[in-house]
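Here's a solo chain for you in structure tokens, the form predicted alone.
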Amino acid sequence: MLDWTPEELRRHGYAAVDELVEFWAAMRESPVRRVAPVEELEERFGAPPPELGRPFDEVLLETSRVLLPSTMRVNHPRFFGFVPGPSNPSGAVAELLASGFNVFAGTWMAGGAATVVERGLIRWLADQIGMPAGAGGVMVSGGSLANLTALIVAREMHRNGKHPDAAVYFSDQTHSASERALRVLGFEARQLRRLPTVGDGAVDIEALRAMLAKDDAPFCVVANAGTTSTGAVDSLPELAELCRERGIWLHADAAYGGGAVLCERGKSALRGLERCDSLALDPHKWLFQPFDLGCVLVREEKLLTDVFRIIPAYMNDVYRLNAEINFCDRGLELTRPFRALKLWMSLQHFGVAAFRKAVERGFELAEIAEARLRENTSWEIVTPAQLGIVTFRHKGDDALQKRLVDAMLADGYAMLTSTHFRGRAALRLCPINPRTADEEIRETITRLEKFAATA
């Protein structure tokens, strides 16, 4: 009952790996997106499960050859939309192992070595950023939960966090995850201060100063360390100094851009990130891990346990054995998977130098795209390549930009998405997959030009 013999596990496991090998091997020749009509998918996959089971071979083939291909391939080398999830094979194998061993990573008592691995990686990430020795954190599902966790700590620990007029400041380019987190925490619209941006999308510091002068209970600034729309980075050193002077909590959303600190260009672009009180970053973005893997970092590690630790009676034995290393005390999750294993195995196997080179490749690819766009005067660069993202638009109205996205989606060769910047629609490329070839960038733009001629 609910079990396989060792022979069945070996046979089915090998078959699943074979399907994964075929998927990876054929990816470049496959379209980025191939999804059947919703009615067809509902009929096939939306029905209640059967009372009696089917042979696993049949279920596996239906899963790997019909169900999973009917999704966006965000690890495709020509997926340039939103933020890609390039992933890597070592991380995928790690997910299989973590799931197969079914590791509970919420406590030291249950997690053991998993806890040590997570602690070590958190220290390493904090060191890469340049945070002080007392910094620490916790791994979570992604940027949304990371931002929420950090802002919970900020609200609980800052003197103005629960003031009825506490004000939070963020730019018009800030990710919706932060605003959603603030709503969850009970902040009202009247407490949220949306600031304009200057240049290529960084927050207007002078506008922030003016707004701070008007508020009685300034609480938190949410800085951007790589906006999703344009890759812009707020002036973190200036914000850190201003927040220190005014006694304001400084949180940085580095979910997209944080991984760039591995290379020198990224460290330079993100200078000042180490001075933030808290930050969020996502290794499942620019550190090439399978979904899901986010991380919260705070300058003072103990603040996490000060806020989240609750010891129920049934957990007494956990704390009797070890009260200091229980990741369930650092966030909202008690039951936690061993998310850190995929990052640990990937780094152990490929080495940090390979990851550094892969991050640098994202900078290069965005610059290749910008150079190709500048060859044709029909294109306007909206924001130049910064932190692996370039935005642009074709001569014409906003509706044309959206038609170009739709044409590329129907074509299937590559995927890009649009955004709005300063009131105008813009196309954007986020080519951070290190497997992307230079020519694939150029061919994507050539196809856009062909579609624009007939749109």
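Start at 1 and count along the sequence shown; that's the residue number. Model, not experiment: these values are computed from the prediction.
One more form of this protein exists, namely the form predicted together with a small molecule; it is left out here, but the text below deals with it.
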Can Thr149 be called a contact residue for the small molecule in the model of the complex at 4.5 Å between heavy atoms? no
4.5 angstroms heavy atom contact with the small molecule in the model of the complex for His76: no
Please determine whether Tyr256 contacts the small molecule in the model of the complex, using a 4.5 Å cut-off between heavy atoms. yes
Please tell me whether any heavy atom belonging to Lys342 falls inside 4.5 Å of a heavy atom of the small molecule, as the geometry stands in the model of the complex. no
Within 4.5 Å, heavy atoms only, one stretch in 99-107, 175-183, 156-164, 131-139 touches the small molecule in the model of the complex. Which? 175-183
Here the chain is shown alone; which of Thr305, Ser235, Ser90, Ser144 has a heavy atom within 4.5 Å of the small molecule in the model of the complex? Ser144
Heavy atom within 4.5 Å of the small molecule in the model of the complex - the one residue of Ala126, Val83, Ala202, Leu208 that qualifies: Val83
Contact check for Thr115, Glu118 and Arg330 against the small molecule in the model of the complex, heavy atom at 4.5 Å: no
